[in-house]
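What follows is one chain in structure tokens, specifically the form predicted on its own.
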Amino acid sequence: MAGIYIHVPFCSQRCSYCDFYFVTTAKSYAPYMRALQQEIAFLGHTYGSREKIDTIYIGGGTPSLLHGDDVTLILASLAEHFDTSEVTEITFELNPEDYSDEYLRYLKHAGVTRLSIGVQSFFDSDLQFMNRSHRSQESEAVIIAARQCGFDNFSVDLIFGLPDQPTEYWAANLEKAVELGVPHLSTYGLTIEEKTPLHKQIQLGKVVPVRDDEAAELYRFTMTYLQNAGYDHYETSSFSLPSYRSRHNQGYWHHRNYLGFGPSSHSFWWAGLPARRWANVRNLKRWQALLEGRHSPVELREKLDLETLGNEYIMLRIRTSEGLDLAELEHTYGLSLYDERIVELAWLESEGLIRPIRNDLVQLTDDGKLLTDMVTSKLVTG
């Protein structure tokens, strides 16, 4: 089974922290839709019969800027060129300012099974700092409306570690999400990416980022609070109530094949060695022009050998609650950490960063989750 990701690169305005590819100047989405259908047909010719599709994720950007008919057309095009008969999850990213009961009902009718709602915060001061388009009252309203329109399965994004954000604001954000019965939460520490407005503000001294130790305490609080509220911390940034894990994202963490469509999207396909990864051009007009001219929009291609794949498996699996399976790592990827990293494993366990190894599983402790990148660096080979 493989996954499909659709990148919709349109936004109404730029959030101060965002470094995803997007445009805010598109006057019409029709050229994008034509090019997207061409790309779906093109990749469908090569990959359509190789594996069935079980998850579809429509992200961005802001997919909820699309008309409902566009969503229907995207899903119909995928069904025409791929075997989607066993799809179990179709996720659609939605911004609070774009919702209406009619739009939500249209998404439900089109086949969307899960929403990912970009709330980020329930406080207007936070939203203004991030240059978000919505306001706090819309954040709560869209969650209530989603459930009323039949979406029991949805996720909410929240960001912690905002400069000058009172600590009690973050606690209140989590409390509000729990109070509203949100079944899945993705919580992210604010990261400072180059070439973003936030990065420039920090360089100019207009904004002072939170200290690493402050961010760590917020993350530790998040883990404790949500686990006590009944949420399963199943991946570094992901918390879910029982049966509400993101199936699509789990595909990435389990090293399954996926195809990306749209400008800047990535794909991964492993059906023998070397495995292949490729990325589309990060420019909407160029992506459209290449497809209209019947040319591939890919600008980066990689061939991945077994050791590279094994190291990726380490990085992906150590982030999950299931943990890194050392037996699977050796059987599938030919890497034995018992041979190559036994000293490092012993040190990590002695420092309380991983649990005592049982059944060949390396699992992070809560302290280890605060230092995931460091733990990973101790385990990768080569």
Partner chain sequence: MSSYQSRIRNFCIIAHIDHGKSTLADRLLEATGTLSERELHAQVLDSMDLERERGITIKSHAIRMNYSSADGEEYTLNLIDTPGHVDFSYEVSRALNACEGAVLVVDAAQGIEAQTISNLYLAVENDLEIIPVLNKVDLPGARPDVVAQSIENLIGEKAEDVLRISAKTGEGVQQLLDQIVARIPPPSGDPDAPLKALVFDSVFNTYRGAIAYVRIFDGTLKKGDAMKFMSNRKEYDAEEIGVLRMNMEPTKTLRAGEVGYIIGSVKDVRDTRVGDTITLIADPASESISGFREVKPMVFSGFFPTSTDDFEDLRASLDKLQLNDASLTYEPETSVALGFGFRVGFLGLLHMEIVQERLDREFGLDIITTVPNVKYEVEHKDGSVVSVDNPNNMPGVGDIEQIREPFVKAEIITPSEYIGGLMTLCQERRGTYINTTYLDTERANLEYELPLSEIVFDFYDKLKTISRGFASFDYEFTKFRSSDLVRLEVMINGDPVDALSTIVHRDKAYEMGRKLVKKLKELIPRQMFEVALQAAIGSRVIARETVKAMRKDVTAKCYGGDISRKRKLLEKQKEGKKRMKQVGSVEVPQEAFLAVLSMND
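All values derive from a computational prediction rather than experimental measurement. Positions refer to the first chain, counted from 1.
The same protein has a further form, the form predicted together with its partner chain, not shown here; the description that follows concerns it.
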Practice item. Work out which of the listed stretches, 128 to 136, 78 to 86, 175 to 183, 189 to 197, brings a heavy atom within 4.5 angstroms of its partner chain in the predicted bound form. Key: 189 to 197
Point to revise | its partner chain in the predicted bound form: contacted by all of 153, 325 and 328, heavy atom 4.5 Å | key: no
Check your understanding: Counting only non-hydrogen atoms and a 4.5 angstroms cut-off, does residue 312 reach its partner chain in the predicted bound form?
Key -> yes
Check your understanding: Closest heavy atom of residue 106 to its partner chain in the predicted bound form, within 4.5 Å or not?
Key -> no
Exercise for review: Please check if residue 168 has a heavy atom lying within 4.5 Å of any heavy atom of its partner chain in the predicted bound form.
Suggested key: no
Exercise for review: Would you please decide whether residue 285 lies within 4.5 angstroms of its partner chain in the predicted bound form, comparing each non-hydrogen atom pair?
Suggested key: no
Check your understanding: Here the chain is shown alone; which of 15, 371, 11, 361 has a heavy atom within 4.5 Å of its partner chain in the predicted bound form?
Key -> 371
Practice item. Have a look at 164, 292, 101, 302 for me and say which one sits with a heavy atom within 4.5 Å of its partner chain in the predicted bound form. Key: 302
Review point. Listed by sequence position, which residues of 352 to 382 have a non-hydrogen atom within 4.5 angstroms of its partner chain in the predicted bound form?
Key: 353, 369, 370, 371, 372, 373, 374, 376, 377, 378, 380, 381, 382
